[in-house]
Every structure is written in C-alpha cells, then in structure tokens.
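The chain below stands alone and is given in structure tokens; this is the form predicted on its own.
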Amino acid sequence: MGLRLKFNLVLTGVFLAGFAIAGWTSYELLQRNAREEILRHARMMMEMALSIRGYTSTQVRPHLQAQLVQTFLPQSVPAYAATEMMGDLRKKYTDYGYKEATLNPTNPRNRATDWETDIVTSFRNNSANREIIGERDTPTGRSLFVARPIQIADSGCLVCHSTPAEAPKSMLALYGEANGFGWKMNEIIGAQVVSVPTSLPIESANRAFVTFMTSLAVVFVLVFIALNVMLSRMIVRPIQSMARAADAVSIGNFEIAEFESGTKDEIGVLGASFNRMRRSLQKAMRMLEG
C-alpha cells in the first residue's frame, strides 16, 4: 500500500467522521432554532390576543354599559374581540390559528373539538400547569400549538354565565339559554389555543442544512485535491526520485545525477544525507578497485 493511498484513506476517514459529527450537530441546532422561532411566533400571537382582550375589557366595554342593557353587543366581549381580530389576521396568514376553545361556550363557534377538549381537561386536572406546547397534523401540514387555560378569575363573568335567570336578556335573545351557563369562580372552562405552521421554518432549516453540508463537502474536495498535489510534489515525487537513485547506486551505477531537492526541510536533509552516502560509497568502491 503506497504512501499516497494510506494518506488518502486516513484523510477520508477523518473527513467522514468530521462530516457526520458536523452534520448531526448542525442539523440538531438548525431544527432547534427553527422550533424556537415557531414557538416565538406562537407566543407572540398569544400575547397579541391577550392584549386585545385586555383592551376590550378596560377600554371598550365600560363605554358600552348603558347600551348593553338594551342590546347585547358581542364586540364588547373580550373573547369575541380577540377571536375576531385574530380571524382578520388569518385572512392573510391562513395557516395560523387562534381559538378560545371552551367546553360549554355561549357562542357555538368556540366549542372545543376532541383534541382541544383533551387540552382543557389536562388544565382542569392540573391547575398548576399554565401552558401546554405540542404538535399535530392538520390538512395544511404540521402545526405547533401553544395553549393556556381560560379560568374564571373575575366575578363579573358570572353575571352572564352563572344562570340564564341572571344573564342579560339581550344576550339570551342572541344566543339562547342552552349554552354558556353554570360556570363557577376559579373554574377552568376552556383554553386559548394558538396554532402556527411548522413547514416554512423547518423547510428553511433544511435548506440551510443542505447548503452547509454541500459547502462542507466542496471544501473537503478542494482541500483533498490541494493536499494530494502538495503530497505528490513535496514528498512522493522526491522519494520516488531518491528510490530510483538508490536502486541505480545499489547495482554500481554512479553515473546517475545526485539528488537535488532545493529545500531545507526534512526531504532536503534526507536528500543531502543520501548524496553524502552515495559519494562515500563511490569512494569506497574506487578504493576497493584500486
């Protein structure tokens, strides 16, 4: 096995090991960063919805109290306002979602589906849990969701949701008496659920991964070629030339030219030593012949 082949085998082995480690590390890092980006988007949407709820509750509803006695305005309900505003956002970003999933809602559109019911039940079984993060498949692709519990912390909510007898007649006229009642103080009655698609950030991460690994492979090929050229010119060829000279001298042919390196590195030192040995051997042979 030649020196060049040994060198290339070792170099290839080192590259493959480094390529695998770099690939695994970069893939995990890119995927983690993509997930964190998705999660940031989801939490930003959640905070946006909470801001809308807070604004409606403190800035809008107080100015409509007199009118609400005669006509119930859904727009004055924080949950309704947040859902409507986030619904407008979905007109442009159709893969994003927001829902105030409730087990017993006044508005039927807020009724929790099966998987949302599981989330609400989890919150009800563990009231200390304030956030659930998960992923699920949707018709438009994989989606990450962030859910937070909806808990009755304001006694004012019970005015509309304790019993039909206590609820505003204007609300009953709009929604009826069948749903949205029986709520209790501090009860978890639903969950705010924000859904964000994972496809775009994950695809971007995958493209970055492919680009990085391709660049790494190209760099290796260039380094491989450069090292082989250096190995051939600086080591293999000088050694081959020295080996031919040694073969000639070994059979008594001293007519061959001395080895010329032109460098002061290890190969040059070896060549100079070989030339001294050749001259010494040639003198010894002449002395024997004489």
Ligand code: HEC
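Here the structure is a predicted model, which is why all the values come from computation and not from measurement. We number the residues from 1 along the sequence you see.
Another form, the form predicted together with heme C (HEC), is not on view; read the next lines as being about it.
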property	result
In the predicted bound form, the one of Arg90, Arg142, Arg207, Arg109 near heme C (HEC) [non-hydrogen atom within 4.5 angstroms]	Arg109
Heme C (HEC): the contacting residue among Phe212, Phe220, Tyr96, Tyr80 in the predicted bound form [heavy atom, 4.5 Å]	Tyr80
Within 4.5 Å of heme C (HEC) in the predicted bound form, all of Arg32, Ala147 and Pro197 (non-hydrogen atom)	no
Answer range among 171 to 179, 212 to 220, 130 to 138, 197 to 205 for contact with heme C (HEC), defined in the predicted bound form as heavy atoms within 4.5 Å	171 to 179
Non-hydrogen atom contact Cys157 with heme C (HEC) in the predicted bound form at 4.5 angstroms	yes
His41 within 4.5 Å of heme C (HEC) in the predicted bound form, heavy atoms	no
Contact of Glu116 with heme C (HEC) in the predicted bound form (heavy atom, 4.5 Å)	no
Heme C (HEC) contact in the predicted bound form: Pro164, any heavy atom under 4.5 Å	no
Sequence-ordered list of residues in 44 to 67 near heme C (HEC) in the predicted bound form, where near means a heavy atom within 4.5 Å	Arg53, Arg61
